[in-house]
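Form predicted alone, single chain, as structure tokens, below.
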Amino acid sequence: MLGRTLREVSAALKQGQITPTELCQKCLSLIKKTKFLNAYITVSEEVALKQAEESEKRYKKGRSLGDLDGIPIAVKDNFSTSGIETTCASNMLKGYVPPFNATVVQKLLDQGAVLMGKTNLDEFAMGSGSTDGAFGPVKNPWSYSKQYREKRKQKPHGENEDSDWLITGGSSGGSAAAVAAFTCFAALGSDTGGSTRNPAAHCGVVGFKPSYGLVSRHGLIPLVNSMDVPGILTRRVDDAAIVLGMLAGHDPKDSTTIQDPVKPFTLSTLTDVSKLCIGIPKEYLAPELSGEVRSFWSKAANLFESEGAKVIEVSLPHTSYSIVCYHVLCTSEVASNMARFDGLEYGHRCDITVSTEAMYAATRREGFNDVVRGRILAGNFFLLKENYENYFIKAQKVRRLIANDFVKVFNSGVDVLLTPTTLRGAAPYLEFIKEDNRTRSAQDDIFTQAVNMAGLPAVSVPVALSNQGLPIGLQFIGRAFCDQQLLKIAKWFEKQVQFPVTQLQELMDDGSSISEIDKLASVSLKH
């Protein structure tokens, strides 16, 4: 049952094949067995079982709340959850229990979803590997998959077996791992520069970033207010659409959400792609892009072309400036947002009482890791009076140019853009940590950051396994607020490639299989 999609398990609940309590218990059991993945910071077992019991009562009375009633979900630990610790994977917020739910969390709970727990991340979502949090790194479930292990039999094992595993990507790595390891059917992430799509690609799941303003940010502890978007991680595109349908819409607590009412998100089956125009940005053919990812990208374009779609090369000329522009804007907003953590109102406070200034400094030194402190310093430098015009204002102007590049491409008749999500498959942990956080983020989010600066919707879809037996994802980018059309195209593509199910037998101590699906689906995009 845990290997099924959200839509399938929802149907099973409605048909009485399994009860919400039984499903919740299965997920809790699996969370305990896969604890070493470190996907969860907090497991809300009592809360989940109570919610499952309430869902079961509704089903018995024939009063189901809908497709999410009784469905186990997980939430990234930078969303506020009433009565449940919310840490942002930082010592600064260890022990902090919010008095309210984030709007997106409340909407899911109102639909009967069962909250399994809060997932791990890079501290305050600043990273692309989920390796820099105060509670330790997240391990990619694919590190223990049959597909990857069989490929590695030909290679010698590393000296340190404890570190012989793959990163999940970040910063929503815990949410991606939770979905990939079958411990929940959907998870919330946040996406500031690719933080949902990056781990989705590395963990072989669907990662969706909605248009900026379509989904409320209220209760999402901010990293970069002008780019942050709640993200959705699921095992199928259809499931992401179901969750999006529950979350989209105006929120009076978030002035950036759209005022117009949102129509229901129902993904009808797309049978004809011959009228579509697919854009391939030539600037995304980066020198660092692995040959395998390049090959899958090319084959995906050929797939659309073979079905009659028009595939054309397009130009986003300011792409090369996006990394520097993003860094300036991101750190500037980080410096502003992190100022609230001063040891007075909430969160960690040091024992120094010599002066208020000394208490501030010591609290922030103890509460933040090197990555967060580094971004605060950089941001404050860019915001200095003598630097403001040369850095922050110029970066804002470049951001407008980047956004206009997308507008021009879509106005030329392109329906969606097809790009890689990441440069390569998931990296081994020991290899990944050789680079500093800033370098890693600049490399790993090269294809995703511009989307956030332009406020567009984007989705990463797993397409095939690499020669190492690891997931490779491709990204679709759509027009602003054309999220439904984007997901419809992604769903068609997903159906064509038939990405294989993770075989996680070796993940279990007793050797049993998590997935009920024994045979792998055929993969269309072969080498």
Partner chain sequence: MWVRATRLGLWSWLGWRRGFTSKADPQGSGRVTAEVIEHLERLALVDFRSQEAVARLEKAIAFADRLRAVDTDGVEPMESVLEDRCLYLRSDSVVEGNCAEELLQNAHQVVEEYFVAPPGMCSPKWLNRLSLSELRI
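Numbering follows the first chain given and starts at 1. Values in this document were obtained by computation on a predicted structure and should not be read as measured data.
A second form of this protein, the form predicted together with the partner chain, is not displayed here; the remarks below concern that form.
J.: Determine whether any heavy atom of D272 comes within 4.5 Å of a heavy atom of the partner chain in the predicted bound form, and answer yes or no.
T.: Close contact is absent here: in the predicted bound form, D272 is far from the partner chain, nothing within 4.5 Å, heavy atoms only.
J.: Do R364 and the partner chain come within 4.5 Å of each other in the predicted bound form, heavy atoms counted?
T.: R364 belongs to the contact set for the partner chain.
J.: With the partner left out of view, is G291 within 4.5 angstroms of the partner chain in the predicted bound form by any non-hydrogen atom?
T.: Looking in the predicted bound form, residue contacts with the partner chain do not include G291, since no heavy atom lies within 4.5 Å.
J.: With the cut-off set at 4.5 Å between non-hydrogen atoms, does I393 touch the partner chain in the predicted bound form?
T.: Contact check for I393: yes, within 4.5 Å of the partner chain in the predicted bound form.
J.: Report the residue, out of K434, K282, R340, R400, that has at least one non-hydrogen atom within 4.5 angstroms of the partner chain in the predicted bound form.
T.: Only one option qualifies, and that one is R400.
J.: Counting any non-hydrogen atom inside 4.5 Å, which residue from V371, L276, A301, L423 sits next to the partner chain in the predicted bound form?
T.: None of the other options qualify; the answer is V371.
J.: Heavy atoms within 4.5 Å of the partner chain in the predicted bound form: which stretch among 385 to 393, 110 to 118, 302 to 310, 240 to 248?
T.: Looking at the partner contacts, the answer comes out as 385 to 393.
J.: At 4.5 Å, heavy atom to heavy atom, what parts of 318 to 335 sit next to the partner chain in the predicted bound form? List them in sequence order, or say none.
T.: If the 4.5 Å heavy-atom criterion is applied to the partner chain in the predicted bound form, 318 to 335 yields H318, Y321, I323, V324, C325, H327, V328.
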